[in-house]
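Here we start with a single chain on its own, the form predicted alone, put down as structure tokens.
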């Protein structure tokens, strides 16, 4: 088993605790590692190291700071296969999905290397005779991330490269369910020769999270996870005077118009709903057919769900792996049952799945729930599994109204051949990430990862200039230099 340790002040530190959580391979049911459930003392140690390092790191010129990121990019690429395999072992997704995840992580490193241009300030001469005004960007201090289980490699890189490039220092708490990926990545960070204390990592559960939220040295917190936890993180961080961005849950709709390329739409929507076993915040979770699109899409999406190859993520040809734990499998299956009891039909039922050779895996096959009631619990609840709910509307206006009625606003997609319909949709739908003939509207790293309503709490989002805004604070200087008449020039 991989040994899980903290990384504090440039050194690997073995936690002095007795409580551990087994890291279960969701495809095999085997124990891959044991996460130490560290607490406030370990967070304090990391925060103090980061705070001390900040005083020197913030003064390193930006063009020198990004040299470490250039080196990190190539280390990540050289070790892509090992990192991706580790993601699959502890998270369950297919190896192809794990590689794609890390490509997105590397993309953020590349964008952050442009920080000398991205973090420039502003100046206005002669706002009054002989007086100039200057706006400077300065780092905020120690920044921390509470990371989720579903993208153990990518999501920390929404933040880490920008934290370092803007002159801040960093404390990461990976999800206790998937600590192995960041262990591999921090071994690469250890090779960069960064000053001690610039990057730190502490493993743990809620006690470690509360230690981050309450620690006076930590000035900014980022989070991705459920909406209930996002609200908790946002509230407690704000009470302690920290800036915070908290990405919450989602219930992402897709609308299919009769003029859509139905074959393309079906393939893309199936990939969105069932990719990563539905465990991503941009996954399509319910589809609204409009008018005559109903019969053709229904038949094709059911076929795509029923024929998708489910299995162990490291095996060739597998299109979908397991959900993260056996308890998550039980929850997803319970929610499917709840949907049926609330009146939905189940033309494709993925419950009680067993994969030959991996009988202890947490597998749920793709599931289709049809004729879902808009007021039902299954429609309101984020399932976070490979389940697609189907609904119907007579017009695009009705479909948009359905999409806007929910509490979440992370992503919404439309499939159509009409430019006018696409323009109406992108203008009126209440979501931060919009897809037009796109099933997963994941922004490139040079755009912010948006999110509205109960899908996001904060002001600035992850990635790109939003990250620069979040990890820097503005200082405005107004200055006058009176002429010294005692000297002649």
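Positions refer to the first chain, counted from 1. Just so we're clear, the structure is a prediction, and the values are computed from it rather than from any experiment.
There is another form of this protein, the form predicted together with a small molecule, and it is not shown here; the text below is about that form.
Using a 4.5 angstroms threshold between heavy atoms, residue 410 counts as touching the small molecule in the predicted complex. Using a 4.5 Å cutoff between non-hydrogen atoms, residue 382 counts as a contact of the small molecule in the predicted complex. Taking the partner from elsewhere, residue 149 is found to have a heavy atom lying within 4.5 Å of the small molecule in the predicted complex. Heavy atoms of residue 98 never reach within 4.5 Å of the small molecule in the predicted complex, leaving it off the interface. Only one segment in the set 152 to 160, 360 to 368, 266 to 274, 75 to 83 has any non-hydrogen atom within 4.5 angstroms of the small molecule in the predicted complex, and it is 152 to 160. The three marked residues, 65, 121 and 166, fail to reach the small molecule in the predicted complex, with no heavy atom of any inside 4.5 Å. Only one of 296, 240, 319, 226 comes within 4.5 Å of the small molecule in the predicted complex through a heavy atom, and that residue is 226. Among 109, 284, 250, 255, the residue placing a heavy atom within 4.5 Å of the small molecule in the predicted complex is 250.
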